[in-house]
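For reference, the chain that follows is the form predicted alone, supplied as structure tokens.
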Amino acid sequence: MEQHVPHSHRFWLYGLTALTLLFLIAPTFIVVPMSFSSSRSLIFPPPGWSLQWYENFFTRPQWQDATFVSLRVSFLTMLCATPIGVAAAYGLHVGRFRLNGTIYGALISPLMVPVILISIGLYFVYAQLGMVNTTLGLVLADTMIAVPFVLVTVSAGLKTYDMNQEMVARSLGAHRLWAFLTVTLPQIRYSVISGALLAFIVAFDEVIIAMLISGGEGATLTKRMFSSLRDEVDPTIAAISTLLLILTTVPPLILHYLANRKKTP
């Protein structure tokens, strides 16, 4: 008979979870209020309230240009990383390769290698190829970093999917690609969308690679933020951080809600 631990015996676990959550989200309790500060420097608590730093972000050309570069690079990275990650996850799932584990490890290795090492290596390669400060260079570098996120997410989705459904479609005459597009893909769509969203966010938030291989008019938003922290510290950085926080939390929460609502009978 299954034994359940009473809630009174789990207080220590609840307390530890609450402390962990507080530790993770505590910076937002400082950064978000500072983004509405009336002060011209980063002061907490703010002496007054103002939206001037959000206005500063949306009206200054340097921030607009950097945001456009980040959006463009992130969108192109998502377009490149998603099909690569989905194809790799599908191939490893249905394949019976002896080296499946090795191939999987190689594909997710960018998650294990320090990004600074990848950045330095890319810089010297790009310098030889003339790809430093180019959109193509940034997209390729970010795609390498983003593919593992798509691969892991889609692989998790495929583990809960019954491949017999696709086999039935193929036994009825559907081509393998058509069976995947019409039977498998719709049922793992939330995993694919989650992977694509992660790829976009990873590319948008990436800063170390951007510090080395982007610059000038091709500088990304995160690089511009770090440069601004060095040259002029004002709450515009906090305003941008708040917007990035919304960008990286709200869409995943909406997607999670939609996915769970679909599962609920």
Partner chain sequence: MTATALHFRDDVNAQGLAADQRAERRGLFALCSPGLLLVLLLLLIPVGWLFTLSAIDGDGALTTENYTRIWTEGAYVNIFIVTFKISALVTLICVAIGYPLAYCLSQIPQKWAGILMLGVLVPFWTSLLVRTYAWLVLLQRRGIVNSFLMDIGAITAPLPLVNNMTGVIIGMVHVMLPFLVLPLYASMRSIDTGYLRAAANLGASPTRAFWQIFFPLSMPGLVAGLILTFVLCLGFYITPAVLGGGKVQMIAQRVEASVSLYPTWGPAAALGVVLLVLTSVFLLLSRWALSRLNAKLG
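Here the structure is a predicted model, which is why all the values come from computation and not from measurement. Just so we're on the same page, rigid core means the largest C-alpha set that superposes within 1.5 Å between forms. Positions refer to the first chain, counted from 1.
As for the form predicted together with the partner chain, it is not shown, yet the points below apply to it.
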Query raised in the report: Heavy atoms within 4.5 Å of the partner chain in the predicted bound form: which of the stretches 68-76, 154-162, 81-89, 183-191 has them?
Result: 81-89
Report task. Please state whether all three residues Pro27, Ala141 and Met211 have a non-hydrogen atom within 4.5 angstroms of the partner chain in the predicted bound form. Result -> yes
Query raised in the report: For Gly95, is any heavy atom within 4.5 Å of the partner chain in the predicted bound form, or not?
Result: yes
**Report entry** 4.5 Å heavy atom contact, Arg176 and the partner chain in the predicted bound form
**Finding:** yes
Query raised in the report: Within a 4.5 Å heavy atom cut-off, is Phe44 in contact with the partner chain in the predicted bound form?
Result: yes
Query - in the predicted bound form, Leu122 touching the partner chain (heavy atom, 4.5 Å) - result: yes
Query raised in the report: Who in 235-261 is close to the partner chain in the predicted bound form, meaning a heavy atom within 4.5 Å?
Result: Pro235, Ile237, Ala238, Ser241, Leu244, Leu245, Thr248, Thr249, Pro252, Leu253, His256
Requested in this report: Using a superposition on the rigid core, decide whether the Cα position of Phe58 changes by 2 angstroms or more between this form and the one not shown.
Outcome: no
Query - Flag for Leu42, CA shift 2 Å or larger between this form and the one not shown after aligning core - result: yes
Query raised in the report: Has the Cα of Thr249 moved 2 Å or more between this form and the one not shown, judged after a core fit?
Result: no
